[in-house]
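Listed next as structure tokens is one chain, alone, in the form predicted on its own.
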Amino acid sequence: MDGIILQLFDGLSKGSAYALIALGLTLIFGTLGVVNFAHGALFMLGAFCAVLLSQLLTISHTVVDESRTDFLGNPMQVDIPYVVEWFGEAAGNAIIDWSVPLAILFAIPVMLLIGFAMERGLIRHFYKRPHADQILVTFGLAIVLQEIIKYFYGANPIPTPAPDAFSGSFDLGAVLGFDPFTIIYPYWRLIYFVFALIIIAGVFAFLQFTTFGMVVRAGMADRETVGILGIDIDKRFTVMFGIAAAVAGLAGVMYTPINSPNYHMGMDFLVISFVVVVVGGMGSLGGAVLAGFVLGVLESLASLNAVIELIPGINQVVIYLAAVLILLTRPRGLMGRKGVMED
């Protein structure tokens, strides 16, 4: 039972990443009708926003510390980060330690600008082109972006740890009524799950309860009529592309302590995220979120030793098998709408 509970929580944290990426994909498809194969690269760029901020915060200069000497009795030269010098040792070290959460504030404007630039500079020219053209050009863009990251950061993963306060594990078993220390789970994975719920709730609330969101939803349902009313729906859809990019970027930022950033991490999530979107139903935001969590949990449960011993390799293909079964019984996905990509 403890193994099942651990895998269940692992599935929720993994499903959180699937759900966030699929949510952004669905936002772009639902508003612009574009199949964006560069969305995984946005997840990767968000992760490297955290890496970049961490590197910026640790930029240092060498000073002579008279209070410390080497074995010859000479004063030692030490590297002092500028942020420590500016804010003091306690505050400066705390800022460095909390670089990943602080990267959220750094990544939001960066990812919004990247989203706006992508939509205005490239994507807008493919609105009325076949989906195959959209897939080719966005997939090519994803390859270009990951090669740029590889050029500057290399091919090896870059460890980006969580703050020290959340680097340990939580005695989940004691909370759930089991014996103490029977179910130990990392703090950061729980934080990632809660963070994903907050972002998802924020996006849905924005679309549901704001005037901007209501206009966007109306434009998703009937773009021509909204345009006739004198509303510049194209500008609002550009903003939505930026928001979708920011959602993917924030998912990448907070995922860095779980999986050290590397240049191909976007591609690792991209294919599964598209499976999630299709299973949830093309154009369905709720379906994308639901499918993300369901498939994440299913993949983790299939990784149990007892399951692998019974069906070797099932954890590698269970998501795709589930997708086949769901689409055979519900061709439009779990919450898909009639007429979406059925022409």
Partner chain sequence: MSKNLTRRGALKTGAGAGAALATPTIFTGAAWAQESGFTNAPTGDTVTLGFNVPQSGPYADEGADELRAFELAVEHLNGEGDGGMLSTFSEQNLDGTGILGKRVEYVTGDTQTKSDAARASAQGMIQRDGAVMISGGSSSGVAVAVQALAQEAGVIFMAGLTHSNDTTGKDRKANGFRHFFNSYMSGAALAPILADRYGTDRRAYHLTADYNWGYTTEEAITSSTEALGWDTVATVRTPLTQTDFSSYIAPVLGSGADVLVLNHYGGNMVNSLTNAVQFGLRQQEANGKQFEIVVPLYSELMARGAGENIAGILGSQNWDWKLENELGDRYSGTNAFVQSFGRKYGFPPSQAAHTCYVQTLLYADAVTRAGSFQPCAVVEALEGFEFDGLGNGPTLYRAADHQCFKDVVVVRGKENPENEFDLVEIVEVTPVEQVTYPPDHPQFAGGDLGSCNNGA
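For the two forms, the rigid core is made up of the largest set of C-alpha atoms that agree within 1.5 Å on superposition. Numbering follows the first chain given and starts at 1. Just so you know, these numbers come straight off a predicted model, no measurement behind them.
FYI, the form predicted together with the partner chain isn't displayed, but the following is about it.
Novice: Find the only residue in Thr31, Ser284, Ser300, Ser54 having a heavy atom within 4.5 Å of the partner chain in the predicted complex.
Specialist: In short, Ser300.
Novice: Which of Arg223, Lys150, Arg236, Arg124 has a heavy atom within 4.5 Å of the partner chain in the predicted complex?
Specialist: It is Lys150 that has a heavy atom within 4.5 Å of the partner.
Novice: Is there a heavy atom of Asn305 lying 4.5 Å or less from a heavy atom of the partner chain in the predicted complex?
Specialist: Close contact exists here: in the predicted complex, Asn305 approaches the partner chain to within 4.5 Å, heavy atoms only.
Novice: Quick check on Ala155: any heavy atom within 4.5 Å of the partner chain in the predicted complex?
Specialist: Judged by the heavy-atom cut-off of 4.5 Å, Ala155 is in contact with the partner chain in the predicted complex.
Novice: Please tell me whether any heavy atom belonging to Gly202 falls inside 4.5 Å of a heavy atom of the partner chain, as the geometry stands in the predicted complex.
Specialist: No - in the predicted complex, heavy atoms of Gly202 and the partner chain never come within 4.5 Å of each other.
Novice: Whether Phe181 contacts the partner chain in the predicted complex should be assessed with a 4.5 Å heavy atom distance threshold; does it?
Specialist: It does: once the partner chain is placed as it appears in the predicted complex, Phe181 has a heavy atom within 4.5 Å of it.
Novice: Please determine, with the chain shown alone, which of 156 to 164, 242 to 250, 211 to 219, 105 to 113 has non-hydrogen atoms within 4.5 Å of the partner chain in the predicted complex.
Specialist: Every other range fails; the passing one is 156 to 164.
Novice: Just give me the residues of 222 to 259, first to last, that have a heavy atom within 4.5 Å of the partner chain in the predicted complex.
Specialist: The stretch touches the partner through Tyr255, Pro257, Ile258, Asn259.
Novice: Taking the rigid core as the superposition reference, indicate whether the CA of Thr182 shifts 2 angstroms or more between the shown form and the other one.
Specialist: Yes: Thr182 shifts by at least 2 Å between the shown form and the other one.
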